[in-house]
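Below sits a lone chain in structure tokens, taken as the form predicted on its own.
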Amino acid sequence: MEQQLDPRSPARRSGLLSGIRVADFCWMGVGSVATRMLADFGAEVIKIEDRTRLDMPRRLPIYKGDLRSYGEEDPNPDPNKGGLFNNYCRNKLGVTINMRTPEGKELCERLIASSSVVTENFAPGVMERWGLTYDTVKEIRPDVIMARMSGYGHDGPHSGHKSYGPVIQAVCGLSFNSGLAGREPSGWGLSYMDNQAAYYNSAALLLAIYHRMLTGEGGEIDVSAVEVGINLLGPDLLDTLVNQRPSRRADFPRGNRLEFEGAAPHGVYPASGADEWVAVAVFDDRAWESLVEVLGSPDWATDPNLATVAGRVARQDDLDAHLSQWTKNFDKHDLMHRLQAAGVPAGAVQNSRDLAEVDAQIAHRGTFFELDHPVIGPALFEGNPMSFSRTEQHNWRSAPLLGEDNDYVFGELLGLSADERADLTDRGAI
């Protein structure tokens, strides 16, 4: 009888990056999302963890089927249930190494020698305490690419500071530009910059891998999340530097209203249900006439003063008040389709459930896909937004259980016998 292979057993990967092995020290989001991109397209990413200090996404109680309590650590977490970890780490292998033991450090150096890329996003100083600087890692593997990801970069007066997404968002200026005129900055989503910086980290890694393919030379990458955030300021930064217009002034930030082109109504309006919204944007007289018709031509909307863009912009507050009273009677998706059919630009303001269960375009693109997991069972995960004509995302396995691949990596890849692995386990090194 033919023996059935374990579908979770490591096997030859397919994809653009197959053949690239990564010794991955990354944790949290900014590092793990970056290396997930490599793993999605074939790289053999070996995630290195410490059993005595679990990765935060393993500890946060965002569990399948449970009410969300984001931000509160579980005092007794099941390290294999964490939703964030499972979303960040699909297609990766997982091993445990205690770097505070001499045996663990030696094992890590053997793993680095067997890899060609090393990644980390610890607070500055951690890798140095382990003796794993670029210079020392290069002695182990001369053509290594070592990617370092931190809040402020690894040189300069702030390089020693610890950080994470919300701090970075404030320091880089993004938070200052958020909110409404005359109000305090509202800030961005909790860790928006953790994920945004991760994509820059991925791009830097891909460029370094391409450079090595051409030249045979490795290199060190040092990504500063603050500088990534500054890159996202775009026209607001240019407006301040070139036009001397501050980012907070009497009429700015403008919230949902347009700054340079007249458009009214232009905003987000309440729909039926709790915290449900629909966006409507009327740029010209034709769209306004269509909106008035959908509204049923009420007296307030047929006022001749509203027949022009200038007239409507002058009475935006009145328009917003009237339109809000009307939109709150309708389901946001039904109203979106009704307005679009009439030629009025409109869109439902979608929440996470809408993205996964309602949006036909996202479903068509396969943005969310299902993977089975030995602890949480089948679950939806977010995919990559890119599609290629000649390769595809290789989803071979859900995220590794804690230490799931110790035997494969330490045994088959590094050549340690079962007795040697058992001895390292007894010594607390793995």
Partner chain sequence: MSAARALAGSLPFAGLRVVELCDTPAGEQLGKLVADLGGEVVKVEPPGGVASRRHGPFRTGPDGVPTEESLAFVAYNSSKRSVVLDDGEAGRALRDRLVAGADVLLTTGSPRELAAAGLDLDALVEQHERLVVVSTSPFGLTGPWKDYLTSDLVGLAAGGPLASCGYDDHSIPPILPGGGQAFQTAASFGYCGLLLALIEREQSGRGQLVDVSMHEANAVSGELANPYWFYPKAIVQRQTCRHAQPVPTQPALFQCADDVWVYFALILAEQRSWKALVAWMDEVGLADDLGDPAYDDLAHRQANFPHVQEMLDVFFMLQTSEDAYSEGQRRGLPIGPLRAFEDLPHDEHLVARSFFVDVADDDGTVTTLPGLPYRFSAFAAEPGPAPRLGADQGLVTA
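This one's a predicted model, so the numbers in the text were calculated from it and none came from an experiment. Positions refer to the first chain, counted from 1.
The next section is about a form of this same protein that is not shown, the form predicted in complex with the partner chain.
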Query raised in the report: D285, E184, D251, E106: which sits within 4.5 Å of the partner chain in the predicted complex by any heavy atom?
Result: E184
Query - Selected contact from I140, A356, V292, L306, since only one has a non-hydrogen atom within 4.5 angstroms of the partner chain in the predicted complex - result: A356
**Report entry** Heavy atom of R53 within 4.5 Å of the partner chain in the predicted complex
**Finding:** no
**Report entry** Close approach of F41 to the partner chain in the predicted complex, 4.5 Å, heavy atom
**Finding:** yes
**Report entry** Proximity of L413 to the partner chain in the predicted complex, heavy atoms at 4.5 Å
**Finding:** no
Query raised in the report: Is F368 close enough to the partner chain in the predicted complex to count, meaning some heavy atom within 4.5 Å?
Result: yes
Report summary line: With a 4.5 Å heavy atom cut-off to the partner chain in the predicted complex, the contacting stretch among 308-316, 119-127, 337-345, 96-104 is 337-345
**Report entry** the partner chain in the predicted complex - contacting residues of 217-231, heavy atom within 4.5 Å
**Finding:** E217, G218, G219, E220, I221, D222, V223, S224, V226, E227, V228, I230, N231
